[in-house]
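Below you'll find only one chain, the form predicted alone, shown as structure tokens.
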Amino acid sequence: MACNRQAMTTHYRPGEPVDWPAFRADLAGLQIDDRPGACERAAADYHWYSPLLAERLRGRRADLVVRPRSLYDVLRLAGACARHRVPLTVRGGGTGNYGQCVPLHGGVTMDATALDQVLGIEPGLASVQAGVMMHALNEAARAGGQQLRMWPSTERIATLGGFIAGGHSGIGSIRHGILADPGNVTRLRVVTLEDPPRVIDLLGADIQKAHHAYGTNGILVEVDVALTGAVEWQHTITLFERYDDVLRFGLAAGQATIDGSIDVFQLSAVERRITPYYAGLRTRLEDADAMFAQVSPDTLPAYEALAAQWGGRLVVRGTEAELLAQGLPSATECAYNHTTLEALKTDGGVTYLQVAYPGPLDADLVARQMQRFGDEVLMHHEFSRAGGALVAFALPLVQYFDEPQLRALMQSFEDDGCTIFDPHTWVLEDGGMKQVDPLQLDFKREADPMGLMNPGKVRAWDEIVLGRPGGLL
């Protein structure tokens, strides 16, 4: 294929016409679907958690869906998109919350779920295609006595590539840190959107060029991810009379995990006003504040004793299989945004925020916030590790009224010294990053020189490269 130098030097702007017959001819033999229902399904993720995103992204979809089955298919698709200046959005399991896989300007959605091969497992490492389901990878690793270091609460339906492209931390982060911490991800292989496309392996610190970039910095096709020894985690629920005691226990248990005196894989705190949303657990939760956790069997006695020091009573314990056999959810499904999902199943009037607290977490500050917000905000905190330090952040449920209410709540948290990671925007920098990342912007110039990948999601590209306001539809 000849390189189209003119196309390589001009940036894509939304609304450019596409010669669809010629484009489709270039993709002859690939699995293509342009049925309206298929295009709508390919644009569906969990952005409906946000009433603002649900409204503003309504009706946005690709013109067609392509499902590559090999690296060769991906290279053909990338080259055709570059030649014909067709925008490309990549999707995995569709479990993201910010509209990452919703195309703002049509074009092609690449469904990566057929790129699902486990390429190799060795001690401490798995090499996989990016579309592999995380639960399937975990099962393959466990067959050899290993497991992933972390996973999202949607582990059963999420792809690893999607977790890398949109995730930050998850179940296991209290033990192994966030995704961006060194050693958790060791290689990303990406395909550039050029004619002809290139294959680039990102190693070490260069991984951050494409990590948590919403699929805007090259097509992620392979991942090397770290493994750890498998543990038959005990999924537990511990009840407390006061939510501030749950948080103080979380701080103690998190620090004990860092110090090595106990071994905890998850610490998820929810206050009692949230517990009615857990339909299968209402009788077990006894209208109390709760800590959901995964604890190693060897250190469960020490964990239970530590909880007792803060007035906690351990009322549920068992392996994931044992809990599921009793009709109870695993602790994984009571964490992170699964809590939001449980609430939305019965109450369409709630949404959520993402709040990072300055360290160490001040339980008294949380108590004052609960008093100030009343029934408008219901608290839920996750304990994690980042850069080796214990951190805590909240995913509180909000009784939603309108956008000004959400903005006022965000400002109130920020006035307390917290940081808001806005879940009601599709723009990368306005949500999780909070600032322009020069490393990622420079790599986007290299891997996506025309700006065809998921256009409209990177404010820096729109404002710095295109010279237009960012975040516009």
Ligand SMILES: Cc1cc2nc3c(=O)[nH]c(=O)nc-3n(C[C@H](O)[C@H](O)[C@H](O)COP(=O)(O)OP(=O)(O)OC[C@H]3O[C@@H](n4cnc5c(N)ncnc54)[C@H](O)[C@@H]3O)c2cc1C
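Keep in mind the model is a prediction, meaning the values are calculated, not measured. Each residue number is its position in the shown sequence, starting from 1.
The form predicted in complex with the named molecule exists for this protein as well; it is not shown, and the discussion that follows is about that form.
Participant: Assess the spot marked by 248, 266 and 357: is the named molecule within 4.5 Å of a heavy atom from every one of these residues in the predicted complex?
Facilitator: Negative, none of the three is within 4.5 Å.
Participant: Find the only residue in 90, 366, 392, 126 having a heavy atom within 4.5 Å of the named molecule in the predicted complex.
Facilitator: In short, 90.
Participant: If you check in the predicted complex, is residue 168 within 4.5 Å of the named molecule, heavy atoms only?
Facilitator: Flag for residue 168 set to yes.
Participant: Report yes if any heavy atom of residue 159 sits within 4.5 Å of a heavy atom of the named molecule in the predicted complex; otherwise report no.
Facilitator: Yes, residue 159 lies within 4.5 Å of the named molecule in the predicted complex.
Participant: Looking in the predicted complex, any heavy atom of residue 108 within 4.5 Å of the named molecule?
Facilitator: Residue 108: no contact with the named molecule in the predicted complex.
Participant: Counting only non-hydrogen atoms and a 4.5 angstroms cut-off, does residue 112 reach the named molecule in the predicted complex?
Facilitator: Yes - in the predicted complex, heavy atoms of residue 112 and the named molecule come within 4.5 Å of each other.
Participant: Spot the stretch among 46-54, 441-449, 62-70, 400-408 with residues whose non-hydrogen atoms come within 4.5 Å of the named molecule in the predicted complex.
Facilitator: In short, 46-54.
Participant: Taking the named molecule as it sits in the predicted complex, which residues of 331-365 have a non-hydrogen atom within 4.5 Å of it? Please list them.
Facilitator: If the 4.5 Å heavy-atom criterion is applied to the named molecule in the predicted complex, 331-365 yields 336, 337, 338, 341.
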